[in-house]
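The chain below stands alone and is given in structure tokens; this is the form predicted alone.
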Amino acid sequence: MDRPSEGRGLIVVGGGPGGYVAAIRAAQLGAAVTLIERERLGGTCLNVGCIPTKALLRCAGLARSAREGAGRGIHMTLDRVAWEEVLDYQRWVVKRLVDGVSALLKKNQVEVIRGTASFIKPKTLKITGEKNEIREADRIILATGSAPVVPPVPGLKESRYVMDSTGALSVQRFPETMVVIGGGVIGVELACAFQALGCHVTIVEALPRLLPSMDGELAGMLAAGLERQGIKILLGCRVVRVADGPEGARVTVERAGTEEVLSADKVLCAVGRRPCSEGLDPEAGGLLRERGRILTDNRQQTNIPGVYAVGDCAGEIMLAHTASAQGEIAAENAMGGQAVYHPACVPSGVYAFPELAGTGLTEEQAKERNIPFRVGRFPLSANGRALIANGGEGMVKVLVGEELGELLGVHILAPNATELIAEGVSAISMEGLADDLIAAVHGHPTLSEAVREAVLAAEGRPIHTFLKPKGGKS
């Protein structure tokens, strides 16, 4: 082991969306940055999460288009799904983006070390990998990410047919049947992708609804749409055990006191993720944790001055764009800034068919906090662009403060909802009022018109829907 190096520069542990963004921003601000990554640059998001999932969903969308064309006078035949070619497409997208991250780090003169890092004392890291050394630094940013949760279900860990989201994105033989354990974002997205490509999918969710972090009304509408597409959804349903058969898994579930056995070629376990910091030995570094996550203030600083944590290892909201935003904040503060993380208007998205996105408060959250509000809804069946795109399936829903008329929440179930939600993020982050959004002229014909129409409905003056007198009040 080499002697400790001088305590200069800045060390980033983890090369995912939080870590590599922090490294680049710190380098821009003049730091000599070292980034330590044990696996692949880009982290879970680029390699086995957001990006390959969306590439898979793109292929699934093309398959859906081939089937739906006949209803629009375009008669096509979907001969087959060449699964290996789908995987090749995923790999190409991933490699292109990971290579881009690598090039950006190089251009910003960030030293990248392949290996693991663990604390041996505060602000002192032992690095094991292509370099074996001890490094001290006054400024350290931790971005060690998260790992899938495996619930304590008998037989789940032992089954050769069970896979997590990483396994689902690289499974060698496309399954004809699949049981998805978990109705959160990951489970729903992968269920949509595999179903559209020809798999018979059943989602098993212990809670009484899908997507508990999203607006309940729109999540219910999406669930109904998924069932129309052919996905079977079992809510309030608990997985009792998993056992292997000769050609697949047998998943025993219990609902309302009755057990049922589901057979499937593959079982996807997608019940969530947990902060990943154990290998870091945070206690040796003097860091405080709570339920596995590293505790920080709103400047992303831990209880040890000069040591910051960002992304999944520190957060309750595990989103790549949250990690990147926190990475920039941590880098700026490590270099003497006073940046603060404001989580109130972070967007969330579900890349289903159609997409679901939201920002700000949900109706459930506003009620829990006793915040007076008005609700505005606009069905996409009354929007020309949506009618053309998907038959008008979906809705835009907004929450407006009763007293001041400020935008509290925007929620969208629509094609490209994850793009449309940016308007809501901007409006809420700037403390915009309903009148501000109404005053902005929206192009026609566009899906974005529906956002303005929903705000008009909240204000009791919709144009393209009829609202009964005194309607729209919560």
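Throughout, we count residues from 1 along the sequence that is shown. Keep in mind that this is a model prediction, so the values were computed, not measured.
Here the subject shifts to the form predicted together with a small molecule, a form of this protein not shown in this document.
State the residue from G115, G198, G272, G167 whose non-hydrogen atoms include one within 4.5 Å of the small molecule in the predicted complex.
-> Contact with the small molecule in the predicted complex is made by G272 alone.
Among the candidates P175, G145, G187, P354, the residue which, in the predicted complex, approaches the small molecule to within 4.5 Å (heavy atoms) | The residue in contact is G187.
Taking heavy atoms and a 4.5 Å cut-off, does A264 contact the small molecule in the predicted complex?
-> No, A264 stays farther than 4.5 Å from the small molecule in the predicted complex.
G182 within 4.5 Å of the small molecule in the predicted complex, heavy atoms | Yes.
4.5 Å heavy atom contact, E393 and the small molecule in the predicted complex = No - in the predicted complex, heavy atoms of E393 and the small molecule never come within 4.5 Å of each other.
Heavy atom to heavy atom, is L319 within 4.5 Å of the small molecule in the predicted complex?
-> So L319 counts as contacting the small molecule.
Pick from 398-406, 343-351, 358-366, 323-331: which stretch has non-hydrogen atoms within 4.5 Å of the small molecule in the predicted complex?
-> Of the options given, it is 343-351.
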